[in-house]
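What follows is a single chain, given as structure tokens, in the form predicted on its own.
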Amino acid sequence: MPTPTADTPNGKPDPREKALRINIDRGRYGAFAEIGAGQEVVRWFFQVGGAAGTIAKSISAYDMTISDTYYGTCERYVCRARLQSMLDFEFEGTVRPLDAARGATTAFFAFADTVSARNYKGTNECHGWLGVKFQAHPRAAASQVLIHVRMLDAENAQQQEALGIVGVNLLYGAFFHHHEPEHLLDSLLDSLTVQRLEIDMVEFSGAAFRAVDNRVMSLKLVQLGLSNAAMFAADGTVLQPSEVLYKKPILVERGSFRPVTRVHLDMHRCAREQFLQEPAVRGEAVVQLMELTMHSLMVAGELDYQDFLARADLLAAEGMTVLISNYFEYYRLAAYLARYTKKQIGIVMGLPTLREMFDEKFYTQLEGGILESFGRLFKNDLKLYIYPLLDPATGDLTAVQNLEVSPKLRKLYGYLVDSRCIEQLNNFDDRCLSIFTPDVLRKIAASDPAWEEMVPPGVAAVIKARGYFGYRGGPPA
């Protein structure tokens, strides 16, 4: 039997060591409830020995009627709502009968997962929800960590193994690293790789995590490589991408949004009006996203979390759902969105971005170069919506129709335009064309009040109230 070891800077305990350390900690006691892929997490605690000191109850409610008897009815069994009902039921069912006898010395917990592992035909989405609801200390108010995972192994047995390991990591992190949630997050794939498991949503809540901003944790998922994308709503609620995007038309605008300006919103409005006229989109509920890439979040080569939160706050002021991604290339973003939907996808961009897309230097890493890139980008039902560019010096307007590209790419460009893969936005507000983000930032820093007319009123109010981007009040004396 392995000897439990504490985390050290030069090494990490494996799942057996983690499970054993939890088992021999007499201050932890709780329930395990697992649906859909066997008792993969609790098995570790039974195998390493000493499980009687940890496990009050272990249950696998495979039958749907039995599951509903315990946890209530639901439309889907592998979803966040089912996980939450499992955690609430098992936590209360552990604390209520045991608190009087051992609550003064025991921190109770409930672990739950609901999972769809690879089926016999290999036709299902392999994913799962895992969570732990726990007391950080005896009789402390409850805290909770939820995660959503995508299982990438080809075989069912391998997926079950990976599920068991990430479950042990989650419990160990919650019990021993709840005071350092970033470390907890980083440890979730200990003894695993991103080729086996992807974590695309995490949510911290409760007494132990009062200081945690889940938007930052979403960013860290992508930064740490646990996922290539994460999503949160305007109110800061973290979202699981497949539940938001599944079988929906999607309209996404990429930008730095530093800050959000009137032109950003006009771009989105114009594109939405045209997107809704597409025959395949009419009558559908369109998912609208503002996307921040990891590249766009860098300030002077560093990731500045306060700067990120400033941008997130401004997007929230306009009610926007935010997607954070590591997909610098547009064809990778398109492939990611197409993973969840077969409906039409629209990407909104300015004319300078379209011009860059026809620069071959960005495609040297692809064997097929720019042709391969565009082949991947447009292979699904995807369309680019292009906002024009005003030259402030000459007053000339550059649009899809008069954009100059390399002579050898003109026929390719013309084909994509003629095929309506690239569409000009014509319903733009002329007053927005002269707004450029660098000018807004300079005017904010210089206390030039003209910047307030360049951003939406709600955005201006947040910048002024919180002193974002160097705002110091009115004009200089």
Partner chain sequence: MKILIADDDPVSRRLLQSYLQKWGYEVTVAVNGADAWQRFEQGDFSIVISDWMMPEMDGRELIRRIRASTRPNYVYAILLTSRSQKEDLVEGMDAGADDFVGKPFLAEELRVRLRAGERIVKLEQALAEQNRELRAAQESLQKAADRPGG
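Residue numbers count along the first chain shown, from 1. As the structure is a prediction and not an experimental result, all values here were calculated from the model.
Although not depicted, the form predicted in complex with its partner chain is the subject of the following passage.
TODO: Report the stretch among 255 to 263, 296 to 304, 225 to 233, 392 to 400 that approaches its partner chain in the predicted bound form to within 4.5 Å, counting heavy atoms only.
DONE: That would be stretch 392 to 400.
- [ ] Examine F428 and determine whether its closest non-hydrogen atom to its partner chain in the predicted bound form is within 4.5 angstroms.
- [x] F428: contacts its partner chain in the predicted bound form.
Open item on the list: Please determine whether V417 contacts its partner chain in the predicted bound form, using a 4.5 Å cut-off between heavy atoms.
Closed with: Close contact exists here: in the predicted bound form, V417 approaches its partner chain to within 4.5 Å, heavy atoms only.
Task: E75: touches its partner chain in the predicted bound form, heavy atom cutoff 4.5 angstroms - done: It does not: once its partner chain is placed as it appears in the predicted bound form, E75 has no heavy atom within 4.5 Å of it.
- [ ] Using the partner position in the predicted bound form, report whether K57 sits within 4.5 Å of its partner chain, counting heavy atoms only.
- [x] Answer no; every heavy atom of K57 is more than 4.5 Å from its partner chain in the predicted bound form.
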